[in-house]
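Take a look at this one chain, the form predicted on its own, written out in structure tokens.
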Amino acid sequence: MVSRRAAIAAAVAVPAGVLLGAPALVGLLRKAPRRVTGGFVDDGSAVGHALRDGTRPAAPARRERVPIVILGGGVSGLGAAWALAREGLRDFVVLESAREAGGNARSGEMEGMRHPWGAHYLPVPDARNTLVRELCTDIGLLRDGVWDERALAFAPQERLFQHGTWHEGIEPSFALTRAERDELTRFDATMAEWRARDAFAVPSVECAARTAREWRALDRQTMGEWLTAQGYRTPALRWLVDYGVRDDYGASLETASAWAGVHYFAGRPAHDAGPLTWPEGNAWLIARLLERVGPRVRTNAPVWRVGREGARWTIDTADIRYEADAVIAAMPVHALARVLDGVSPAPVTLDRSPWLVANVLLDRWPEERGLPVAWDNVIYDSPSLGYVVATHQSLRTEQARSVWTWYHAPVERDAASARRWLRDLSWGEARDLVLNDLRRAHPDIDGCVARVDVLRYGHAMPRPTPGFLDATAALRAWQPGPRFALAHTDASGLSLFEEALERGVSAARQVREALRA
């Protein structure tokens, strides 16, 4: 049988060519025997720390009039810009503090191979998610109801390393007792029931408002507490659920709201044709958005102050004070709170999850045991989230080299302690952390790796802890001034592409209607 990858390759012309000291890792840390190059990637923390410390440039002398200013060039900010442009409103500017737009969907390159620095896939949106499907149609991913085959993850998609070998899928169903299998089956049936009732959906705002009444008790307890109350005690199941909340939220069974934990399993269809993915991850989607709004996006332009002068908003960058009729705030609320001047502060700020991401350059492939290498590769009972193979979507039938993107959310520490740990982590310690973890499944990894680059996210995403439904509802109701709309996923509490796009487009709609009034 001809694989989908081979069929596409034949049809498309291809150019020739975790912690240091953490209990889970005690005894595993040792120096890599081979010299491995690399370093830290700029994480943009200098601007955030300057805001935190009150170190700001003088007020700019130059002024510029623009009707709408969008604060932040991540998915929600670019989504807002896309929505405005589609309505014919093009007199706006997007201000992004980093050197490139994209937020958590940034990407990089190692020796000609693209790779993600964060979000790396988009679940195939079902018919209910009309907004994401509209975007996918606009950028050519979806044509006449058919998805671009090149963007659908090639097989094998997922595998789990457990009991010394790789198994298909990430559900740890290997070598379980009958009672343990029954518990997994019962959990799957409960999630299927809620999924069928549409009790949890993506995007989640209307769903959250509805289920906050019916399932409010879920958001008053942690996912671990809910599992225990429901009689779910099997270690394999609890590991799977813990992996899910770490994967989407940077949380753990002890910190994630049970509502958010159930949402991870019941919010999307159980099976689809996807996911949609690219070597550079969701940076591919960012590039398509920039093709439509890029001329109005200004990078290296951190915002230092947002205030009011009469009927207008004033937004200060280092060199320009923008005078605007409306503001769309697509930056995290904790950062926004640092720049608001003389206006009503946000009612709440959310806990935020730190992350560590590494991209590993391999000049040869390690030996494998069991299932061949997949797109997403997870190691059972590891403190990390495993790795995705950035070159998996390549149409080349043979690849001598590859890049693996490794993810870790330090959930065993509280967020503040984890940020301090990230700050103090040396690159050598980070390199050893990555290689020691990969060694669990690849004993010969040291002879394969040439380079390890590392990115530290101090505030990667909102963490949906118990009570977050009320907190996000308060944020959505917050109105610090006229013609001001919050677009960031803090208003959803879930840092997902679908949520960011929904928040951005909703904010654009809110501002557009306010300007027309």
Ligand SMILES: Cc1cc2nc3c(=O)[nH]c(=O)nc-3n(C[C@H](O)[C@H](O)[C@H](O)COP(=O)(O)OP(=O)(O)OC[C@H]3O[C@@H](n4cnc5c(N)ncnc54)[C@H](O)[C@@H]3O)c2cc1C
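A residue's number is simply how far along the shown sequence it sits, counting from 1. Note that the structure is predicted; figures quoted are calculated from it, not measured.
Note that the form predicted together with this ligand isn't included here; everything after this is about it.
A residue is said to contact a partner when one of its heavy atoms sits within 4.5 Å of a partner heavy atom; Ile68 fails this definition for this ligand in the predicted complex, lying far away. Proximity of Ala508 to this ligand in the predicted complex: non-hydrogen atoms within 4.5 Å are absent; the residue sits far from the partner.
In the predicted complex, Phe92 stays away from this ligand, with no heavy atom inside 4.5 Å.
For Glu280, no non-hydrogen atom is located within 4.5 Å of this ligand in the predicted complex, even though that partner is not displayed. Checking Leu160, Val245, Ala81, Met331 for any heavy atom within 4.5 Å of this ligand in the predicted complex turns up a single hit: Met331. The partner is absent here; in the predicted complex, the one residue of Gly261, Pro302, Pro125, Pro203 having a heavy atom within 4.5 Å of this ligand is Pro302. Candidate site formed by Ser97, Ala460 and Glu498: every one of these residues places a non-hydrogen atom within 4.5 angstroms of this ligand in the predicted complex. Screening 165-173, 183-191, 115-123, 132-140 for residues having heavy atoms within 4.5 Å of this ligand in the predicted complex returns a single hit, 115-123. Along 163-181, a non-hydrogen atom within 4.5 Å of this ligand in the predicted complex is carried by no residue at all.
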